[in-house]
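Here's a solo chain for you in structure tokens, the form predicted on its own.
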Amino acid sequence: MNDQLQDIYQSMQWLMPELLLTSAILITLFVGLFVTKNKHILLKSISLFVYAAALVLVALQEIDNPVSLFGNMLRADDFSNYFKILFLTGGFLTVWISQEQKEKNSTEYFILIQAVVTGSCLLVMSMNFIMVVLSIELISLSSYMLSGFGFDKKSAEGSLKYFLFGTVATACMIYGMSLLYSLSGTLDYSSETFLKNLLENTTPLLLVGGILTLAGFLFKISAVPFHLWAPDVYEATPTPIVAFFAVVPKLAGLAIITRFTLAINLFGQSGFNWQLIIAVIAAMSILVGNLSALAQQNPKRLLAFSSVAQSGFMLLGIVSFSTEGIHFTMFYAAVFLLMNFLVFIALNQIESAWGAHLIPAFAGTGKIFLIPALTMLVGLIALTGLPPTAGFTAKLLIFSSLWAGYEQSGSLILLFVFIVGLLNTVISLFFYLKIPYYQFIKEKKRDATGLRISFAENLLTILLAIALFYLFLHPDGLMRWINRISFVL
């Protein structure tokens, strides 16, 4: 008993950021119940402080070797800490740009965001299928409710679709995990027992179980064929929450996919071609996302399909099943956070001030809202993958990992997804630059007297744009940090 209590105590020391976030949920609840004046401002300040403090706690954690927590239910390592920093940054930026909520909804709004961030931090640490399910459900249930914060018919419909698709994906995932458990005899997918027993039980059930388990993870990153919820949810949900959905749950799903695919591939010893499976999913996500985005007239629906395609690009880094590819994917994840928040913050500014909800309605806004329009242009160029932004560097690194993998293994599937990625980078030009075309080329006469943009949000978009330029010119700083991460399953 003493040993167990000691293990729990030592494990809790590595969960200080998560404990802080959990405490913040309770504090936010009590403040929301008993404070009536300036509730939104107070709750927003508490959330910003908590995310900043949690970031400091994560940054101060020095992990030389992976640390097993609670009997290897969770694991603290550099890989998980890297993604935690991205999740907490995403939560901070979301709260920063969040507009005034109705007093009766303000408390729930901040609690749900905190819950999603907490679930994401736990998911990236999860080494046991039970913890994976619990973490994903914490993310999912909170996300379903957040998607309904538009409080109208369209928002309710999008939230319901999100819930229904998510329920089916979760059911598939749990059934797949049960099949893997029946074959391996363990819920710890990182253990030697899992590897040994699956090597001895290479049956079609292993393939079915792996694919069904992947279904739940692919839903979180809105990859094909689990992307159908994204356009309706993105269109109907308030823009700050859309920015949050496009980054935090997606990167959490990407992190768990990275761990799981390495495990199910049995370190290259699997009898099934998991490289082919992931490559096909990535290629289809890129193709479907980009081709669907071409026909969109609503900017948030366009960015929803863009998000599907970006999921495909991030999966390309995993396809090679190499440490280098994973490191490049982690670089892409950081850049993805910057360019997505940049675009959505600028979009939110113009939508709120101008009342534009369709792309043609953005005509002439480039001259009226110069800073948001220019910074949005920078973000869209980065999403396309063009210089001089870090989006170019991120895609270049992903393509280089594919080419290196092809030269080393001679695998035609790597060459195929390499070509698909390059061609779709060209295709994406036609829809990413659609909004800037209307902003700067098209003219629209309208009285703009009295329209104002927040100085703080202008400053934030400028800083994000500078970060994208800086990472293009000096990617070595971030890559040195990433390369020190010794990824161990």
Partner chain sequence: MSHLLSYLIFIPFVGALVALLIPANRINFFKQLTLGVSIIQLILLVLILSAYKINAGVQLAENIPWITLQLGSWGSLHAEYFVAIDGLSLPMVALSVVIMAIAVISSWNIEKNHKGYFTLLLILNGAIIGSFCALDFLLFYVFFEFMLLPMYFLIGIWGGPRREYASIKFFLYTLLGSIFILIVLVASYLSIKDPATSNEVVHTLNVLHMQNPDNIIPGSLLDVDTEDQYGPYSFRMWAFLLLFIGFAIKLPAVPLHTWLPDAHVEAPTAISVILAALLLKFGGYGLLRFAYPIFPDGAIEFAWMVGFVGVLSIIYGALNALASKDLKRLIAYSSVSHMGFVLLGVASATAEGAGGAVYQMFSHGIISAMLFLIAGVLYDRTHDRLIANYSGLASKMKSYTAFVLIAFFASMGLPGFAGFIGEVLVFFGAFQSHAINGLIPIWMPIVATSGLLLGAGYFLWTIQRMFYGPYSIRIHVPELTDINSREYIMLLPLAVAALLFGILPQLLMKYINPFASEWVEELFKHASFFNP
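Numbering follows the first chain given and starts at 1. Since we're looking at a predicted model, the values are computed, not measured.
Beyond the structure shown, there is the form predicted in complex with its partner chain, which is absent from this document and is the topic of what follows.
Colleague: With the distance limit set at 4.5 angstroms and only heavy atoms considered, check whether Pro387, Leu396 and Pro475 all reach its partner chain in the model of the complex.
Modeller: So, yes: the whole triplet contacts its partner chain.
Colleague: Tell me which of 129 to 137, 186 to 194, 152 to 160, 375 to 383 has residues with heavy atoms within 4.5 angstroms of its partner chain in the model of the complex?
Modeller: Every other range fails; the passing one is 375 to 383.
Colleague: Considering non-hydrogen atoms and a 4.5 Å limit, which listed residue (Leu433, Ile27, Leu57, Ile462) is close to its partner chain in the model of the complex?
Modeller: Checked against the cut-off, the match is Leu433.
Colleague: I need to confirm a contact call. Of Leu42, Ile63, Ile453, Leu429, which residue comes within 4.5 Å of its partner chain in the model of the complex, counting heavy atoms only?
Modeller: Result of the distance check: Leu429.
Colleague: Gln99 near its partner chain in the model of the complex, any heavy atom under 4.5 Å?
Modeller: Taking the distances in the model of the complex, the answer for Gln99 is no, it never comes within 4.5 Å of its partner chain.
Colleague: I'd like to know if Tyr175 sits close to its partner chain in the model of the complex, meaning any non-hydrogen atom pair within 4.5 angstroms.
Modeller: It does not: once its partner chain is placed as it appears in the model of the complex, Tyr175 has no heavy atom within 4.5 Å of it.
Colleague: Tyr234: heavy atom within 4.5 Å of its partner chain in the model of the complex?
Modeller: Contact with its partner chain, no.
Colleague: Indicate whether its partner chain has at least one heavy atom within 4.5 Å of a heavy atom of Glu324 in the model of the complex.
Modeller: Contact check for Glu324: yes, within 4.5 Å of its partner chain in the model of the complex.
Colleague: In the model of the complex, which residues of 399 to 435 put a heavy atom within 4.5 Å of its partner chain?
Modeller: Residues within 4.5 Å: Phe399, Ser400, Ser401, Trp403, Ala404, Tyr406, Glu407, Gln408, Leu415, Phe418, Leu422, Leu423, Thr425, Val426, Leu429, Phe430, Leu433.
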